[in-house]
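What follows is a single chain, given as structure tokens, in the form predicted on its own.
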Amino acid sequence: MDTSLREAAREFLIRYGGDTFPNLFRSARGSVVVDDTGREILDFTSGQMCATIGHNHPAIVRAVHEAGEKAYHMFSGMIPEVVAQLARTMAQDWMPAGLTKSIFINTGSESNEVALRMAKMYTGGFEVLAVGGSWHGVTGGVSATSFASDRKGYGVHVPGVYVMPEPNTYRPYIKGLEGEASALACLEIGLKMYDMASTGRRAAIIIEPVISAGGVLVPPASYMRTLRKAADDRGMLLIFDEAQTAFGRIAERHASDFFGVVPDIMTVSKTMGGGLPLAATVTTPRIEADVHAKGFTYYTSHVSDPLPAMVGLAVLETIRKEHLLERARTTGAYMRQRFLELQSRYEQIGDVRGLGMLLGVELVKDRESREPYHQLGALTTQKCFQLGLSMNIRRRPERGSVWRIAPPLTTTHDEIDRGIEILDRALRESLDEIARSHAAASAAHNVLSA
């Protein structure tokens, strides 16, 4: 291990938030990453939820090599053949009916910026209604529509953004209402509040169909249908941010298929690039023609680049060839069952929810109060890493302590079993450590009182 590189990381890198490990990392393959000590760590987050078909899948390695033989980059006005091929594949095989026009950029933030620019130009409005717990990116426009975290300290947000409460059926905002009734009440109140505040210059409603950063919240289908009608009634475009839900993660092509609701614009990113920066904004020919006639531009240095397009085709072909939609369904069901078994042994696991290979596991102090158990979540996540399992936990006082479980779709049952064994041990040791700490604190208090 080259300790000087750890020192270099501390001295020369800007810290950018989130969970940062003391180790550096050397390589990744399949469901495993390797740190700078040579230790193998099981990855239950698919990197940053991106390596859907596994780290460094051979198909991606071949695609990168092929791009190297042809072209990595071109002038933005020169459309590479592979980009046209990817657009056709998306329209014919992967998108819901009607969404056939794509633009290919780099990140989820970018894809949502494109979507909002289109919606504002198409409608002539500027107001955007977003959902609490959402995460749409960190760039200028979309950072204003992201309500999961990280809103403070960056100055004035883009004006015209409104928020409504998310449909959290496990921890309802409205006491006395549960499940679907709570979700629909949140939507009704959110729409009424927005209508009261609106200036009439309406543009878009944007939502993650599965609200991942907010705790892997899956709205009822009736919520999504009502949201579709709400957008239509107000002359707004409905945008689905499917960064985490498209291309097999939830055992469907995308959440639009799952809910049976087609948006006006769909954004895709993480699950499309297999670990490389690739995103797309997809809309209808009618919307594309309208904004083009009005002078729409989104002209960047890396729009329509051939390298990520080559990789995107390889990812989609791998999902088809290796039957990863079906595998996400069966492996996801197996993974959920293993977490439910763990829940039966630990009162502190309050809820297991999600779709396919995207699960949310919420920790509580007890199931009756559902009070978030942040201390247990943080400590167990740390112990999991020490034992060889990388986990991602969302710790927000208002939204609970929730693990987002999202291993690659290629993860095996044996790897899931190994991850559950590690988590079981980490939970047991964490609870014992917390109990000892409380006992020591109580004994010290008694001594002082005496």
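Numbering starts at 1 and runs along the sequence shown. None of the values given here were measured: they were computed from a predicted structure.
Missing here is the form predicted in complex with a small molecule; even so, the following discussion is about that form.
- Of the candidate stretches 74 to 82, 304 to 312, 123 to 131, 108 to 116, only 108 to 116 contains residues with a heavy atom within 4.5 Å of the small molecule in the predicted bound form.
- Between the options E208, E362, E166, D264, the residue in contact with the small molecule in the predicted bound form by a heavy atom within 4.5 angstroms is E208.
- When you look in the predicted bound form, the only residue of G354, G275, G137, G332 with a non-hydrogen atom within 4.5 Å of the small molecule is G137.
- A residue is said to contact a partner when one of its heavy atoms sits within 4.5 Å of a partner heavy atom; A203 fails this definition for the small molecule in the predicted bound form, lying far away.
- Contact annotation: K270 falls within 4.5 Å of the small molecule in the predicted bound form, judged by heavy atom distances.
- In the predicted bound form, the small molecule lies within 4.5 Å of some heavy atom of A243.
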